[in-house]
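The chain that follows stands alone, in the form predicted on its own, written as structure tokens.
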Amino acid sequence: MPAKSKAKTVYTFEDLTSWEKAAAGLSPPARLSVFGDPVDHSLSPQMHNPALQAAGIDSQYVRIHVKADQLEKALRALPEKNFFGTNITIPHKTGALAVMDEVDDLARKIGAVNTVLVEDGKLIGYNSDGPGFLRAIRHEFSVDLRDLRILILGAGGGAGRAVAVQCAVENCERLVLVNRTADKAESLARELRPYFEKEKLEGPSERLQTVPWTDEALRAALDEIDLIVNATSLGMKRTDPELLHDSLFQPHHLVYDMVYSPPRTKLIASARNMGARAANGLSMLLYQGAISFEYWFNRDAPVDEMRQGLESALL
């Protein structure tokens, strides 16, 4: 019997192909992972390993660096290596969709997979981005998406697209899409329009709109918005440009910044200074992880332990 060994910070695709050797001696065995390129920054192990321990599941969660040309083979290796599944992060969420044997309806609508379940040798794809956002908003603001008028900054793709689809599926009151590349927002709006055609708002405003990313256009739109969402990565660096001018915020606004590090971004500080309520993206990361856990094990996730793991990792 090999001596017990500690998991590597990051494994490689080559490690995965010879997993019996690369993971020899790991206790508990590694049967969950996150694929990404890069992946060393991922906080998923710090979130999921406490959850696995709390749930009494004899497994651990590791990072695996997978490049685009390795993705299909890496995913196909999971059943034979006895994995429960994996998470998928940037830049592989779209590419993973084509490799799945089965795809959940919401993941297909979003056009991306971030959670893979291995079941009976098959790969089943899910997306917990949108549902994680739904739970995060409920947790932070005690309100449901269906009751809100929502504006998304960075609605052109990735997380912004996932959130926009979730808002449409939840039949939110109003959805306004904003993106630096206007064509991407317009394309998404055309795709989502059927969700908003059944009911009309009273007054002149459309339930689904795109607006240019200018102060003038945003000022007019934000009068009729409850929730502002930052789905871009802007705010992670001190040198990042301002997303919205302070004067655009109103006290009735709720602001959700998907950026969670730093915990108080420029956007959050500006919103709070103007009397608005604001929260960072840590809760979305948490609930994305909890939903992945539920897909893998068909049981409630130990959310408190997952939250503690994340908070400790960010100290």
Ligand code: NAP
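The first residue of the sequence shown is number 1, and the count goes up from there. This structure is a prediction, so every number in the text was calculated from the model and none was measured.
Just so it is clear, the following notes concern the form predicted in complex with this ligand, a form of the same protein that is not shown.
Within 4.5 Å of this ligand in the model of the complex, do Gly154, Arg180 and Gly281 each have at least one heavy atom?
Yes: Gly154, Arg180 and Gly281 each sit within 4.5 Å of this ligand in the model of the complex.
Among 224-232, 189-197, 70-78, 167-175, which stretch sits within 4.5 Å of this ligand in the model of the complex, heavy atoms only?
Checking each option against the 4.5 Å cut-off leaves 224-232.
For Gly158, is any heavy atom within 4.5 Å of this ligand in the model of the complex, or not?
Gly158 belongs to the contact set for this ligand.
Tyr61: touches this ligand in the model of the complex, heavy atom cutoff 4.5 angstroms
Although this ligand is absent here, Tyr61 would stay clear of it in the model of the complex, with no heavy atoms inside 4.5 Å.
Taking this ligand as it sits in the model of the complex, is Ala98 near enough to touch it, meaning that at least one heavy atom pair lies within 4.5 angstroms?
Heavy-atom contact with this ligand at 4.5 Å: absent for Ala98.
Would Phe249 show up as a contact with this ligand in the model of the complex if we use heavy atoms at 4.5 Å?
Residue-level check for Phe249: no, no contact with this ligand.
Name the single residue among Ala30, Leu285, Val34, Leu267 that comes within 4.5 Å of this ligand in the model of the complex, judging by heavy atoms.
Going through each option in turn, the one that passes is Leu285.
Identify which of Ile124, Ala217, Ile90, Leu106 has a heavy atom within 4.5 Å of this ligand in the model of the complex; exactly one of them does.
Contact with this ligand in the model of the complex is made by Ile90 alone.
For a quick check, can you give me the residues of 40-78 that have a heavy atom within 4.5 Å of this ligand in the model of the complex?
Residues within 4.5 Å: none in this stretch.
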